[in-house]
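Shown here is one chain on its own, the form predicted on its own, set out as C-alpha cells.
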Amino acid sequence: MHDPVRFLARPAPRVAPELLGWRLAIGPHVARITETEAYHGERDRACHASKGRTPRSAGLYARAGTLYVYLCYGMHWMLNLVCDDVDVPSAVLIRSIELPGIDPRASNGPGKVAKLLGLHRSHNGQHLDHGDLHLLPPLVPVKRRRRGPRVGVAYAGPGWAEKPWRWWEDGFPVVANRL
C-alpha cells in the first residue's frame, strides 16, 4: 500500500511496525524511519487521550495522516502520525530516523527527530496531504524488525508500561533497548 493516508488509517499498533523504512520528506530533507512507538485509544494509559479529549489531545482524534506535534518536558518537540478513524485516538511516535549525511547518534530520539526536521508547534494539526511534511513509501522493505516495551511511560502503570509497542529496524546502529 503506497497511499500514506490509507496506510495510516488503521490502529497504531498495526501501523507502527510497518512504518519502519517509510520516508519523511520536508524541505530538502528525506529521512528514513528506523524506530516507532504506538499509542492507541483512551484505555491506553500511556496515550495522551487516556484522559479523554482535551485541548492538548484533540489532534489525536483527527483523521489519519494528521501530524500530532507536542512539546515534551517543556523542551523537545515530538512528531506523531495520527492513525485509524476519525474520533479514534491513535498515533505513532517517530522515535528515530536515518538522515543522509547526519551521524546516526544525532537522530536516535524523538526530540532529535523533530529538531533535525525543523518541526515545532506550527506543524501540529497539519496533514500529510497539504502540509510541509510528506510520507513516502520505502525504497526497499525492512528485512528484520525488533520489538520491545515503550520508553519513558512507567507512569502508565502495570500492563501499559511494559506493552511491547515499540519497534525498530534490526541492525540499525543507534537503536538500543533504552529503558
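Quick caveat, the model's predicted, so the values are computed rather than measured. Residue numbers here begin at 1 and follow the sequence given.
Not on display, but discussed next: the form predicted together with the DNA.
Q: Since only the chain is shown here, I'm wondering whether P141 would be in contact with the DNA in the predicted bound form (any heavy atom pair within 4.5 Å).
A: Residue-level check for P141: no, no contact with the DNA.
Q: Mark G27 yes when one of its heavy atoms lies within 4.5 Å of a heavy atom of the DNA in the predicted bound form, and no otherwise.
A: Output for G27 is no: heavy atoms all beyond 4.5 Å of the DNA.
Q: Tell me, yes or no, whether S122 is in contact with the DNA in the predicted bound form, where a contact means a heavy atom of each within 4.5 Å.
A: Result no; S122 lies far from the DNA in the predicted bound form.
Q: Though only this chain appears here, would M75 touch the DNA in the predicted bound form if you measure heavy atom gaps against 4.5 Å?
A: Yes.
Q: So, a 4.5 angstroms cut-off on heavy atom distances: do all three of W22, T34 and G148 pass it with respect to the DNA in the predicted bound form?
A: No, the candidate spot makes no contact with the DNA.
Q: Heavy atom within 4.5 Å of the DNA in the predicted bound form: which of G41, P137, G118, G111 fits that? Just give me the one.
A: Only one listed residue qualifies here, and that residue is G111.
Q: Within 4.5 Å of the DNA in the predicted bound form, which residues of 137 to 162 have a heavy atom? Give them in sequence order, or say none.
A: Stretch hits, in order: V151, G152, V153, Y155.
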